[in-house]
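Quick heads-up: it's one chain on its own, the form predicted on its own, in structure tokens.
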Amino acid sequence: MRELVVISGKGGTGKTSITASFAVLARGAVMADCDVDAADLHLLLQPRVRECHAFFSGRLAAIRKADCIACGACLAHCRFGAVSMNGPGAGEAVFTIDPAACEGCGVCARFCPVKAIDLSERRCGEWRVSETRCGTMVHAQLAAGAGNSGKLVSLVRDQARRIAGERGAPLVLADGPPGIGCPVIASLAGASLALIVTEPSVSGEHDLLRVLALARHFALPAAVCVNKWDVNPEMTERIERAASAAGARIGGRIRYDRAFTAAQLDARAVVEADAPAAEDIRRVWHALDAMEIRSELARRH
């Protein structure tokens, strides 16, 4: 089993649209939407949810009002501003904990003299297993303000790998998050190849080099694809030279094409439309053959 992760150094480079097109071309891969903070692959693949599971991570503090003696110890020790006091002062006030501000550290429960504070598991969102026209997809959604997205990314990938193993699928295709933070690290660890989608701009080059350094740190092979390359051909050449110098392979170029927007409005992948950019994406996909991603798919079939 191989695993291709499509990432980007910054948001808005076209990563998800390209991933959806790869899902159409792969025909038999298991998809994983690892961009759990802003999941949108489902908008193009229109999944039919088969399973839905709650995701719990971290702890949440809550005060039992019946047992609280209003001493104010929780307010004095909380460093996240999660405890509020309503009333004239300690002994008479009502203390409450804001779940959006609580970090679940447990300090308030530790210093409460009457143990009137409970720490419970925090429900941070949910993850789903769905069927699409391209195959099975594992995806998730964090609740508003919830954290620990790296842990949820790892769960999504593990489930996608499990399903691929059970079905003998040769490829797991993951739509990763942008940037270089914890969710990206969770998306990359143990993958076969990272395809980094960038755009021909100064910020695109800067963020590309950062994520290339991250991939190099994990000794993960990386390829670079420049989307909307014809908007700035000189910058495209500069980016490709920098990527090659950083040890990445050049996966290809995709021209600027309004078919991307039209396909999104129709809830389709770009390669499902008759558009010049669709041919560019197919060339990038075929270029991955030489990097031993699609060759494994062909061998299985």
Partner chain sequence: MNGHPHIAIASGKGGTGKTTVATSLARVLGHGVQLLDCDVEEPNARLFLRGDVQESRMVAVPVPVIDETRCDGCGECARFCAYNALAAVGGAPLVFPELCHGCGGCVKVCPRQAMRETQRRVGMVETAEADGVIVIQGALDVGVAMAPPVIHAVKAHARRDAPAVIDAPPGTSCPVIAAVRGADAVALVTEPTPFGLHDLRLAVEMTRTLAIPSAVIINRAGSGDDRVQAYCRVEGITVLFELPDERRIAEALARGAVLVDAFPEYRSRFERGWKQLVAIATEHHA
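Residue numbers count along the first chain shown, from 1. Nothing here was measured: the structure is a model prediction, and the numbers come from that model.
Omitted from view is the form predicted together with the partner chain, to which the following refers.
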Legend entry - Contact residue in the model of the complex, chosen from 69, 242, 273, 235 - any heavy atom within 4.5 Å of the partner chain: 235
Legend entry - One residue of 230, 126, 118, 131 in contact with the partner chain, assessed in the model of the complex (non-hydrogen atom, 4.5 angstroms): 230
Inset, instruction - Name the stretch: of 131 to 139, 97 to 105, 219 to 227, 157 to 165, exactly one has residues whose heavy atoms fall within 4.5 Å of the partner chain in the model of the complex. - result: 97 to 105
Inset, instruction - Examine residue 17 and determine whether its closest non-hydrogen atom to the partner chain in the model of the complex is within 4.5 angstroms. - result: yes
Inset, instruction - Answer with yes or no whether residue 59 is in contact with the partner chain in the model of the complex, where contact means some heavy atom within 4.5 Å. - result: yes
Inset, instruction - Evaluate residue 201 for contact with the partner chain in the model of the complex, applying a 4.5 angstroms cut-off between non-hydrogen atoms, and reply yes or no. - result: yes
Inset, instruction - Answer yes if any heavy atom of residue 146 is within 4.5 Å of a heavy atom of the partner chain in the model of the complex; otherwise answer no. - result: yes
Legend entry - Partner contacts for 17 to 53, taking the partner chain in the model of the complex and a 4.5 Å heavy atom cut-off: 17, 37, 38, 39, 40, 42, 43, 44
